[in-house]
Every structure is written in C-alpha cells, then in structure tokens.
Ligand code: SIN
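Next up: a single chain in structure tokens, the form predicted alone.
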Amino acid sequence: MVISLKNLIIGSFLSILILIALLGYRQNIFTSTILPYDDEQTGLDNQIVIKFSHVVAENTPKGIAAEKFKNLVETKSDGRIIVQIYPNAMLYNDHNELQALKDGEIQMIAPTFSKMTDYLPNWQVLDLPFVIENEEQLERVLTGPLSDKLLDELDSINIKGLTFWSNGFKQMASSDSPIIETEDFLDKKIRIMPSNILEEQFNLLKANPVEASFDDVFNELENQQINAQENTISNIYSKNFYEMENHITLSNHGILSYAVMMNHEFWDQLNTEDQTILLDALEEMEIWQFEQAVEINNNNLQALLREEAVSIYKLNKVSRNKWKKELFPIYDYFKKNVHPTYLDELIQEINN
C-alpha cells in the first residue's frame, strides 16, 4: 500500500514535469530565438488615439462633423489613428475643456469661437451682428484669409488651430413673450457666451446679458435665471430648449461656428504623414460640413414648426433695420476697443 502510494506520487510528479516541458516547447520558452510580432501586434504598438471632446449632441452640425472626421481619419490611416468622440460634455464641459486640452488630457476640442475671446479678443470680429448675411458669405469667411489669421493666433496660447466648422445663424428664443421689436429686449435676461461684443450687443438693446455655459443653460432656464438666449435652431432643438423658450424669432442676426483645435505638443509629436492625414480629412469634409449645417438647421426648424406649443416668428425688414440701427455703435466699439482693421478685412472678404 505504501509502495503504491509512493509510485502514484512519483508518477504524478513526472507527469507534471512532462506537461511543463511540452508547454514550454510549444511556447518556445527554452529557446533564445526572438520571435517576430505579427502584423496586428505591430499595428497596436503604432496606434495613435485622439480623444475628441465636445459639449453638444451627436445629431447637431458639430456632432455629425466630429463623427465624419473620425471615419475619414480612421479610413485614411487604415485604422492606425483612432478618434474617440465624447459628446454632450461627457468628459469636459465649457468651463474646463480648454484647460484639459492644454494639459493633454484630451487631444481635440471644437468650442464656439465666442468662448475663446477671453484669450483671443480679436476673435470677437465674428461675434459682430448683421455683418454676414447669408450662407455663401459665411462659408467664404470661415475658409478665407481672416479665418487663417484667427487660427494662427491660437499659437500664442500653445494650441494648434486646424479649421472652423459652421453651425449657421443665430436666432432669438424666449420664454415669456416673443422678441421681435427692439422694445421687446427691455430687461430680458439673455444668456450669452463670454464675449465683450455679445455683452455690448445686448446692452445696446437694453437687455440684461447673463454669461452662462452651454451645459448650464437648461438649469438656468428652469431656475428663471435667464428667460431668453441667442442660438442656432439645431442647438435649440437638440437640447429641448424650446420646451421652455417656446417663442423663437428667426433673426439671423449673428453666426455660430466652432474652432477645431488640437493640443500643440500632441500635434508636434505626429509625423508629417499623420499630420497630413488629419488635414486631408478636414479639407475633404469642408464643403460637406457647411451643407450639413444648413440641412440640419432646416430640418430642425421644420420639426419645431410642427410643435403646437412653439411659436415661430420671422423678423421683417422694418424690424430688422430697427435692430441694426440700435446696434450700429457696436462697430465703432470694436474698432476702438478690440481691433482697428479686422472688421474692414471681414467686410472686404464678404464683398469679394
């Protein structure tokens, strides 16, 4: 009995040794030869991940453009460059996305140009009301020499400017009563983005401008801290602002666009081939993006027209001229306090 148990233990031990030797042979543990990586493993080692954070919904002009950019880049790089999209302030909001970009926590953001004016005051030229009149002019401005100058200014804060994306024209939305005549602005608490020009715009109209980030607007409306805002139809619709701001005036008084930008250190670490892939993707989708912005805003407007609780007003020529007359001093304000020639350059681009 003792002998049998001893033989069993020895047999089991030998079996384990044989199994270890067999596995070692199959896994080449006992060889000094360095095995090559397969193609998939090498691809993972060379993979580049771009975290792209933004604050709006996926079904908006910026949200759809971000997805288009992702698909183009991943296709052009054969999957070597991965773009991860984080919409709806999932990672960072209006307050902290720029610092997160500068810190390298994310690699790309696309804030509205108005939110950059604290750092780059000259960008307020795009906030001036009633300068750009139609989509053709808007596209010309956002792809012209002045836009290149504005993007180059990002170098001063160590950010790489890539391009501008459009979200079309801003309208007025209000909760208590419609804003049609200039008198309707009186004492309205109107949400604005951080821009001295936007603040001056509503001061001239005798409203009360209230600075608030995009992700705080809904709460501000619920708490009656604001009762009006300027925004595009797509943002009003996608964020359900119309549920509380059910009076919408189609004023087309200003524009809203986004500056697509990247962490400069990250950009500099990319080789020329990879930088070209990103720039080619943005160039390829340029016209498409403008067309999408128009289509989305039009479709969302049709949806709002079907909402029984929503009233849509169109600013007529007489009322529009009254708005312009009240706002006329803002152009001198910009030239004296912000930049003496950028408005002239903007108008020249529009007229060419």
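Throughout, we count residues from 1 along the sequence that is shown. What you are looking at is a predicted structure, and each value in this text was computed from that prediction instead of being measured.
There is another form of this protein, the form predicted in complex with the named molecule, and it is not shown here; the text below is about that form.
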{"item": "Non-hydrogen atom contact residue 293 with the named molecule in the predicted complex at 4.5 angstroms", "value": "no"}
{"item": "The named molecule contact at residue 55 in the predicted complex, heavy atom, 4.5 Å", "value": "yes"}
{"item": "Proximity of residue 245 to the named molecule in the predicted complex, heavy atoms at 4.5 Å", "value": "no"}
{"item": "Contact label in the predicted complex: residue 115 to the named molecule, heavy atom within 4.5 Å", "value": "yes"}
{"item": "180, 221, 205, 193 - the one with a heavy atom within 4.5 Å of the named molecule in the predicted complex", "value": "193"}
{"item": "Option touching the named molecule, based on a heavy atom within 4.5 Å in the predicted complex, out of 235, 171, 201, 166", "value": "235"}
{"item": "Heavy atom distance at most 4.5 Å to the named molecule in the predicted complex, all of 184, 227 and 313", "value": "no"}
{"item": "Candidate stretches 156 to 164, 100 to 108, 227 to 235, 76 to 84, one within 4.5 Å of the named molecule in the predicted complex by heavy atom", "value": "227 to 235"}
{"item": "Sequence-ordered residues of 257 to 292 touching the named molecule in the predicted complex, heavy atom within 4.5 Å", "value": "258"}
